[in-house]
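One chain follows as structure tokens, the form predicted alone.
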């Protein structure tokens, strides 16, 4: 290669981390950037996420924001500080998508979907000269910077790069490309990994046939859910298999761990989080007159038919002492048997261990090979934290590649 030839960079994975790295690198002189993805188009999970409003990031103070990443907070801290939530909002607005902060502090584009942003982003990438290779699945871990791909028809392609970025995602929603199939390739290469587990997912509970028949698909509004020392306010949805919804998603990291270690978990529901137990008890001690037990609970405590049915599921009845019933309303036990399958989870935990990467996100034992996004072993709740870390690690790895090639 002559001194005037561009240096070739291969990015494997066309999700937010890979695309954002490509955007940075295609703006730099002397680089020829190629992006490979196994699907017929890029950004598929990004577009699906946008159907629910495209929660880009969150507006809370950065110290609180970083705490959402749990044990991976220290690993992610320098990358998110270098590309914080406001920088992500500015980037979206630079592509014509103004953003706003919702009542929960979450940040969304005004149009509440990803399609407009994705079109503008794709246009920019192509104008920058990004070369995209679709329908290409990685078949082996690269040796000597040589990548090996196979297309849908079984045709093989080899590509040699001066630097390689892996941004192949986690293992949720495999039909969109994040199948986690790369994990075994990295394990065979001797790299340390953690097996994938579901996160931000629903859980199985053994409801009675009556509860499923009468209440499947109905919401539990304005409740609080707790597991051990963690407590979350939010909503839930009763399903035929168990529970879905924001409150249980926020506790999923701890619930999954308990299911792994103990075989099951127990959560507690506070059906009236704004009413102290003492006030509930006083209302329960008022004369019931001719009201049925259910109608009494509806009238005195404004409990819904679903919450009353859950009380019955947990053994609540008219014969129960008022003190026990008041306590049950505040701490209603729900047996959690197992998380829903990985392919049904919003996101996953697991992947390439953080310790395998240096501060520039290069694999320590493989010079010139980098990683970014959800394929690294970090996790986060919903609320914009997942996308923020994908963008932040994407640009961090891109800057690491630039630094390494210009060393």
Ligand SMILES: Cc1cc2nc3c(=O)[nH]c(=O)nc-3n(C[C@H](O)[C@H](O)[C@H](O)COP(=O)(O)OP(=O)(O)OC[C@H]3O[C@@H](n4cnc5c(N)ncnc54)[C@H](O)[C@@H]3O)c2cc1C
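Bear in mind that the values here come from a model prediction, so they are computed numbers and not experimental data. Residue numbers count along the first chain shown, from 1.
The following text describes the form predicted in complex with this ligand, which does not appear among the structures shown.
Any chance all of 76, 91 and 392 sit within 4.5 Å of this ligand in the model of the complex, going by non-hydrogen atoms? So, no: the whole triplet misses this ligand.
Give a yes or no for residue 207: in the model of the complex, does one of its heavy atoms lie within 4.5 Å of a heavy atom belonging to this ligand? Residue 207: no, not in contact with this ligand in the model of the complex.
Applying a 4.5 Å heavy atom distance criterion, does residue 176 contact this ligand in the model of the complex? Within the cut-off, so yes.
This ligand contact in the model of the complex: residue 248, any heavy atom under 4.5 Å: So residue 248 does not count as contacting this ligand.
Does residue 167 reach this ligand in the model of the complex if we count a contact as any heavy atom within 4.5 Å? Residue 167: contacts this ligand in the model of the complex.
Exactly one of 28, 353, 39, 338 has a non-hydrogen atom within 4.5 Å of this ligand in the model of the complex; which residue is it? Contact check passes for 39.
Heavy atoms within 4.5 Å of this ligand in the model of the complex: which of the stretches 130 to 138, 260 to 268, 220 to 228, 289 to 297 has them? Looking at the partner contacts, the answer comes out as 130 to 138.
Which residues within 9 to 39 place at least one heavy atom within 4.5 Å of this ligand in the model of the complex? Heavy-atom contacts to this ligand in the model of the complex: 12, 13, 14, 15, 16, 17, 18, 36, 37, 38, 39.
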